[in-house]
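First, one chain by itself: the form predicted on its own, in structure tokens.
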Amino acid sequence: MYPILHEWGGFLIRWTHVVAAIAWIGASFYFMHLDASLRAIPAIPVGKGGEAWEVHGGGFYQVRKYLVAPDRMPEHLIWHKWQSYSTWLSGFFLLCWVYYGQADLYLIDPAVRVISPLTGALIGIGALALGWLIYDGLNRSPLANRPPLLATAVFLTVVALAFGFQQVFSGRAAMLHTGAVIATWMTGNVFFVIMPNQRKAIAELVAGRVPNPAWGKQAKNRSSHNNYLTLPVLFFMLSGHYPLAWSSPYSWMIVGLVVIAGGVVRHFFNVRNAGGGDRWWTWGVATACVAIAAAISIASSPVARERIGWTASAEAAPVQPVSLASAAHPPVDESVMNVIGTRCAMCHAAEPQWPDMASPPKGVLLDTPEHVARFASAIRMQAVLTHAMPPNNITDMQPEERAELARWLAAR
């Protein structure tokens, strides 16, 4: 019963996290677009705000923005904060549920560093707090008045975090934690800067005083940071499903390239929405960054580094196949079934033998020759081209066993 509850719990938390993230990212993109679409009107002094007309759902919307505050406090005021809070809280619970609750599978890789699950969790949570202090300190330093230098400092901080995580965690967990730190910055911006500044402005307005315009400017800057960081964070959160993104020993470089690519793509849309034209060069930069990231992952993959796979397969001796009941798939070597049965089938079976696992991961069954042949392409990606499986090599699959899989795959 416990494995079933554990799996359903993870599913529900992930569902909540995705829904909350959709709401938050959608709101962020909308307000950045709205800010860029504002036009000056006589009712609002020049430089103090603007107005935009929109059409949606069969109706027209007249939206006005006051950079400081309107002349009087409106009776009905909508606060945009819970999208951010619920995204971070659900993401943190998911991090604890999956990576800290199943540290042996997802967090700790003995080939990287042998640590206890508790130590790993403390490092991960501590990094979230320390990361925020570093980022917030940079924004409160003199660099805040020099945006290019501030952006460079933040970028280098992200890359340094990614490199540091790689020295402690599995590749999957390292990239995920890099994204989690950035996500913490984003919600920290809302909780510690944007919302307090808005509350101070409202208090001044109620008291009949003019709010300090610096509060709104500071909040706007942090909101812009969130907008530019959104696409990289989404990449890091999805990366766990794509081992080529994180399995390279140089994945910290990939992190840096993704941050640049995501940032310039957002820059294209932000400038375009503001009527500044189309900065097509941004797509060239983004494409180049992604291409370089892909090249790094391919060049540093286990196949390239260990010289197994297609090169080794040409020198492999022929093996005797095990016949299949179905002719839809090529035969599976007996030696391959021995490797799969020893290293993989305890999880990828109709009734997994691994503790806390109620069903085979992603529904992949590797308990019969038919199933192994059916998922040959997944085996190639997860166990040969990368070493994503077994997770953190928890069943101690040996290089010669991976080479055996590679020889069989090359003969297909």
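One-based numbering along the sequence shown. Bear in mind the structure is a predicted one, so any value in this text is a computation, not a measurement.
As for the form predicted in complex with heme C, it is not shown, yet the points below apply to it.
Listed residues Q382, S37, T368, S28 were compared with heme C in the predicted complex; Q382 is the one with a heavy atom within 4.5 Å. Residues with any non-hydrogen atom within 4.5 angstroms of heme C in the predicted complex fall in just one of 87 to 95, 116 to 124, 337 to 345, 183 to 191: 337 to 345.
The closest heavy atom approach of A373 to heme C in the predicted complex falls outside 4.5 Å. Although the partner is absent from this view, A21 stays clear of heme C in the predicted complex, with no non-hydrogen atom inside 4.5 angstroms. H56 falls outside the set of residues with a heavy atom inside 4.5 Å of heme C in the predicted complex.
Within this chain, T395 lines the site of heme C in the predicted complex, having a heavy atom no more than 4.5 Å away. Within 4.5 Å of heme C in the predicted complex, a heavy atom is found for not a single one of W132, L229 and G263.
Residues L105, Y106 are the members of 98 to 114 with a non-hydrogen atom no more than 4.5 angstroms from heme C in the predicted complex.
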